[in-house]
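The same protein chain appears twice below, in two forms, each given on its own as structure tokens and labelled structure 1 and structure 2.
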Structure 1
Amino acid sequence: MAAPRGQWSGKLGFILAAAGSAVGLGNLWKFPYITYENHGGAFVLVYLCAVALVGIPIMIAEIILGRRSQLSPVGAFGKLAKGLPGGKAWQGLGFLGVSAGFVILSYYSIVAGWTLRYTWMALSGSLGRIATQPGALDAFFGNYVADGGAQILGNGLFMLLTVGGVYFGVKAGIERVARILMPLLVMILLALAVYATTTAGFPRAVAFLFRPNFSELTNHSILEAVGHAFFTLSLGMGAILTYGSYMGKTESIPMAGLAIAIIDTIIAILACIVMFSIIFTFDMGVSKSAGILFTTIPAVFYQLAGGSWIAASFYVLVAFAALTSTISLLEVVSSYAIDELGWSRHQATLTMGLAIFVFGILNALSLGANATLSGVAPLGKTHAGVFNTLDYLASNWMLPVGGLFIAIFTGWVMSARDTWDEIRRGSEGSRTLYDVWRVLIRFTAPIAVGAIIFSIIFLGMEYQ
């Protein structure tokens, strides 16, 4: 007999767990870096519009699908599409989501592993010694990622923590971790933000983020803003859908969706304020890609008084954020085995965690340790190596395509009667609000996401 389906302990449980999924490396690493590349202000504004007009409607759609079906993605589409146009074929969308969870976790947990190493180095003092010698951080980082053993170890440790969170179930595992880590994360970030206001670079950071200069906005920035809205809100692969399936019927879906998006956005903006205040104080250039978090940032931390404490708190913060996200990725894959294959939670979590870890070895060795794995480029030279190829595939293809079809399914295939029936439970929400959501999910979201996919295919653009 299958165990009864888990449920969050209440409204806050769902919001914290889902916000934990949303807040991750996307907020603390990718958002500051792409904001810098896209010249701040105007890009931030477009990003906020993308969250409001595309992100929130799709988030609400995913929660509806999860709560209505009481299943994870594969089962959810199987159940809800019964008798509707497309029928069983919609299950393919669920499989796409499970595969995306598998793939994203296999490389995300490697970067997450770096945060453990940096926390340890900040505490032991070795990061401080390197960070104060010019060029030493870059050299260290380059050697570190190319050290296959160290990458496998970091990945393994982070996967163990992730498995630990999922193993104990919805309430005692996932929710408990989020209840402890999310408030701590907010406290650390707020403390760093308060500190940032005392630095000389703070006014410039605020102007950079909030004074839009539309002449600097390109089509590519707009695409990047919409693409990032997906990744940062954990949309397009059924993570929020799965979490929604554990949500009580008496809670308001629109309010929860709104709260998660607001928390995610505030944290991304605070992270930018902290990083840019410090970077502008010392007028340092920002290096591209992973560098910002693992080479630029430590170098500036150690220019400040109490640098090792700032660095240690910062990497703990990033590790916490990453952990609540990796937990949601593993939950999507494990809940497939639980719901569809009838496995016990323990068996599903251990087996899937191990499978993803083993697969992740390919990623771990593709950052320089193994020449073949680091050089393969089936999707073009700019994505050389297994790690980059999979990141490109997931961020540019799996999530947007998943999101597009989630919008089409909820907006066009499911009846308005069914979606309204689910939304109205637990929300005193007016019908007008529902009507606004329905226009966004039927028209705005598919057109915006369709435009991204079109540009990726025909204009060679990409979200990275």
Structure 2
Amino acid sequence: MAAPRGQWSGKLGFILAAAGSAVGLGNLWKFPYITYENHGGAFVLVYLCAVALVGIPIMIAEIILGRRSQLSPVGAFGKLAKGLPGGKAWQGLGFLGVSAGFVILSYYSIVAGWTLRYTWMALSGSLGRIATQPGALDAFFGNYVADGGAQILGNGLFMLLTVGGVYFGVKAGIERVARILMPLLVMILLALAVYATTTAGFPRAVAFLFRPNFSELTNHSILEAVGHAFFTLSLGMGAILTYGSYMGKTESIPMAGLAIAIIDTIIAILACIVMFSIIFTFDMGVSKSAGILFTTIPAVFYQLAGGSWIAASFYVLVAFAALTSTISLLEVVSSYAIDELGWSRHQATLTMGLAIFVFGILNALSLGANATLSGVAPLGKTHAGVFNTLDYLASNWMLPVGGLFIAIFTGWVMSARDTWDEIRRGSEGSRTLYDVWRVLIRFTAPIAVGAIIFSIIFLGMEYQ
């Protein structure tokens, strides 16, 4: 007899867990970087509009699919598509989501492992000694990522933390971790933002972020804003769908989706304030690579008063954000084994966690430790290495395709009666708001995500 399906303790548990899934390196570095690259204020406004018109509708769609089916992605599409156009073929969309979760976690945990090393170094004082020597930090980081043993160890430690968060279940594991880490994450970020107000670059940072100049807005900027609005909410890979399957029938889906998007956006804006204050204070160079968080940024921290405290707080913040994200990725994969293979949660979590760790060794060794794995380039030299290849495939193909077909399935294949039945539960059930969502999910969201895919194929844009 199957074990009872887990459920969140209530609305707050679901919102914190889902927000934790969405919040990650994309908020703490990717959004500040692309905002800087696209000249600030006007880009931020377009991004906020894209979150409202594209991100939230697709998030609501994923929650509907999860709660309606009470299953993980593969089972959800198998159940909900039964007797509908396409039939069992829609299960392929579920498999795409599970595969994306597996692949992304296999390399995301490598970067997450770096946060553990840097947190320890900041607390022990060794980071400060390196960061204050010109060029020493770049040399250290280059040697560190090329050390296969160190990368495997960091990956293993972070996967242990991730497995621990999923092993104990929805309420006692995932939700408990989110209830502890998300408030701490916000408190640390707020403390850093308050400190940022004391820096010389703070006034310029605020003006840059909140004073729009539409003359600097380009078609490329608009596409990038739409793309990030989609990716930042952890959409297209079934994480929100899976979390939605644990949601109570009395909770309001639209209100939950709105709350998650607001939390995610506030964290991204706070991160911008912190980063821009530092960037403008020291006129530092900015790089697209997240590696800048482990090279340039630490050197700047130690030029500020209380640099040791700032560095330690920052890397704890990044580690917390990474952990809430990796937990959701593992849950997508584990829930597949629980629902479709009949495994117990403990068996599914341990087995899938181990499989992802072993597969992740390929990524760990492809940053310089192994010449073959580091040099393989099936997609061209700009994506050389297993790590970069998988990152490109997941970010630029698996997630957008998943998001596009989730919108199509929910808007065009599922009946309006079924989607309305889920949205009206636990809320005022405004038919007008439902009609607005239905227009957005049927037309606006597919067109927007289709534009992302078009820009990848024909304009050479990348979303990583």
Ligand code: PFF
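Owing to the predicted nature of the structure, the values given are computational and were not obtained by experimental measurement. Residue indices: 1-based, along structure 1. Between two forms, the rigid core is the largest collection of C-alphas that superpose within 1.5 Å.
Shown as structure 1 is the form predicted together with the ligand, with the alternative form given as structure 2. Relative to the superposed rigid core, the position of the CA of Leu223 differs between the two structures by 2 Å or more.
Taking the rigid core as fixed, one finds a CA shift for Lys79 smaller than 2 Å between the two structures.
For Arg211, the Cα coordinates differ by 2 angstroms or more between the two structures after the core has been superposed.
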